[in-house]
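Just the one chain here, the form predicted alone, laid out as structure tokens.
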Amino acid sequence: MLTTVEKVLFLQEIDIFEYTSTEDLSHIAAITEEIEFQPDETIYKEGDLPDAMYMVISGQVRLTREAEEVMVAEAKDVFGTWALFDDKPRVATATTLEDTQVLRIGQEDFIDLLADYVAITQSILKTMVKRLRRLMTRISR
């Protein structure tokens, strides 16, 4: 099991928390849950209601949509991010390819945290705006 300090160090490497202070990362670390999966376990299915975001500590997770591979998430990759902000059903299925360890952030805990720490909300919005600008730049070319 990771200590809170180890979780904070891990979260510093996650792109969605790029602009989040170390102090605020400690609050996020406090609501994470460390989970281990065996190979070929389904974490969630396409169409499931969203309830959490996941960050890969070790291992690999295949994301598929309509049985076609979308991506393989590896160490320090995040998947299910929109679950923290949206109530729409999952758009992919997440299945482990090998022994996999993840950090899970539950939607309800995250929303409660954002209500208490406005700086976390601002830092995540800043990252999301950066992503959208990058996407718009690619599309407009």
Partner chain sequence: MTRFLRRLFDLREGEGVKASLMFGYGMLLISSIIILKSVSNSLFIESQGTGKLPYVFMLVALFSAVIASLYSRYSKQIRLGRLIMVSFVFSIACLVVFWLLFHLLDPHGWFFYAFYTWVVIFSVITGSQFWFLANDIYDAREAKRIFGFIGAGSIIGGIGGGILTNLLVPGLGTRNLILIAVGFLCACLLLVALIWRRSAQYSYKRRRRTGGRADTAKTTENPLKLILDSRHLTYLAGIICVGVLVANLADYQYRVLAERAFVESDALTGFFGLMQSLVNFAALAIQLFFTSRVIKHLGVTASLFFLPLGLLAGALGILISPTLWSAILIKLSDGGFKHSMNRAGLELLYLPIPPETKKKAKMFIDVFLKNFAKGVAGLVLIGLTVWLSLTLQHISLVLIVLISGWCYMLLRVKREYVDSFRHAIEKRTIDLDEQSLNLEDASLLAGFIKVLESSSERQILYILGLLENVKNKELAPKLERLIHHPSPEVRAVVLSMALKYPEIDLSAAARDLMEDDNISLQREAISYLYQSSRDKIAAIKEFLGHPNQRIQVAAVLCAAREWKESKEFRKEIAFKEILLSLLQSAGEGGEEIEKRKFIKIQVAVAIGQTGDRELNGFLHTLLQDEDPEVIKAAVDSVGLSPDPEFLPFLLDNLNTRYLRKSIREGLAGYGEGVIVPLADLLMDEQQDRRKRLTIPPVLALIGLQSSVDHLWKQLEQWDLAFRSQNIRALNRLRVGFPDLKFDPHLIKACIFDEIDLYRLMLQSWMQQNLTLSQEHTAPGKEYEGRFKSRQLLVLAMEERLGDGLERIFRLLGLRYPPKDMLHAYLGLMSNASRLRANAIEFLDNVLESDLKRSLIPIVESARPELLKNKKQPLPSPMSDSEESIRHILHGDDIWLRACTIYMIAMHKYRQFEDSVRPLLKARHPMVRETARLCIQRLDYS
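What you see is a predicted model; the values in this text were computed from it and never measured. Positions refer to the first chain, counted from 1.
This protein has a second form, the form predicted in complex with the partner chain, left out of what is shown; the following refers to that one.
- Contact with the partner chain in the predicted complex, defined as a heavy atom within 4.5 Å, is made by none of Tyr54, Ile124 and Thr127.
- Shown alone, this chain has one stretch from 40 to 48, 98 to 106, 81 to 89, 22 to 30 that lies within 4.5 Å of the partner chain in the predicted complex by heavy atoms: 22 to 30.
- Of the residues Ala75, Val72, Ile111, Ile35, just one reaches the partner chain in the predicted complex with a heavy atom at 4.5 Å or closer; this is Ile111.
- Using a 4.5 angstroms threshold between heavy atoms, Tyr117 counts as touching the partner chain in the predicted complex.
- Although the partner is absent here, Leu132 is not a contact residue: none of its heavy atoms lies within 4.5 angstroms of the partner chain in the predicted complex.
- In the predicted complex, Glu13 approaches the partner chain with a heavy atom inside 4.5 Å.
- In the predicted complex, the partner chain sits beyond 4.5 Å of every heavy atom of Met136.
- Residues Thr3, Thr4, Val5, Glu6, Val8, Leu9, Gln12, Glu13, Ser21, Thr22, Glu23 of 1 to 25 are found to place at least one heavy atom within 4.5 Å of the partner chain in the predicted complex.
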